[in-house]
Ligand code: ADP
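Before any questions on how it binds or moves, here is one chain, the form predicted alone, in structure tokens.
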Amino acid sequence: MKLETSALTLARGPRTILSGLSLRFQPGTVTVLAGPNGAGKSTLIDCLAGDLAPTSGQVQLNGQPLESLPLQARARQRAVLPQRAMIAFDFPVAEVVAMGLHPHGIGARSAEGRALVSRAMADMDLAEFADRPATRLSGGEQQRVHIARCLTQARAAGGPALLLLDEPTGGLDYRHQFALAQLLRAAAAEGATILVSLHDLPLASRLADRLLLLGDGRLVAEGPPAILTPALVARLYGIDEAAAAELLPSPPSLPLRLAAE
């Protein structure tokens, strides 16, 4: 799934939130988006998902302008985890996860639907919660439910998918952060296009094939994880280099890869 932007700009009143972003996201890669609060990370993901229309510029999905695709067509091609995903009603966990099937017209009670839901729930360690109301789970457990829904939606496409995940590790313990990272690497190895917003720079440096660093709605730097130097992090976050060095793994951590790679 090829995703790109051309001079993407979004303004709200006098404030420019995104400014002239021209980006490409390649199949088979994990791109991690990082930057300080208010840098425009969530807004960029909303634009890439088609949930926000840019003031100027364009988002293209597989060479087509995103705005030209009907909502259902978009939902069949990308799965989105917003920063503040909510569960408003007492749906059982399995039903929430099965919502990822709906854009594809796959019944939750069909053999295919049951297999997809069961796989995603197992991946996110949710099998024991299948019949429990999702609203009665902890915050981290609910986050795993939302991630499982996204995995179901992406896999139901039947081919390489596009995953847009805004701070998916929020509320997750280390075990489930690592499990998610492994799942994302596996999906990329199968051809998925993945964009993840993270605040955890050591995890970002291990997970990413490429980093995009935003500041004030502009692209500050992009490249492999090696670009995360104390000087760059200090400039991006407005801290001194000694503090920035404390945020980065020392020595630099090895890239996170699957055991078979």
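Everything numeric here is computed off the predicted structure, so don't read it as measured data. Don't overthink the numbering: it's just position in the shown sequence, from 1.
Although not depicted, the form predicted together with the ligand is the subject of the following passage.
A residue is said to contact a partner when one of its heavy atoms sits within 4.5 Å of a partner heavy atom; residue 110 fails this definition for the ligand in the predicted complex, lying far away. Contact between residue 12 and the ligand in the predicted complex is found at the 4.5 Å heavy atom cutoff. Although the partner is absent here, residue 40 lies within 4.5 Å of the ligand in the predicted complex, judged by heavy atoms. When the ligand is considered in the predicted complex, residue 247 lies well away from it, no heavy atom lying within 4.5 Å. For the residues 57, 36, 202, 27, the 4.5 Å heavy atom test against the ligand in the predicted complex is passed only by 36. For the ligand in the predicted complex, the listed stretch (40-48, 66-74, 226-234, 202-210) containing residues with heavy atoms inside 4.5 Å is 40-48. Counting a residue when any of its non-hydrogen atoms is within 4.5 Å of the ligand in the predicted complex, the one hit in 61-87 is 83.
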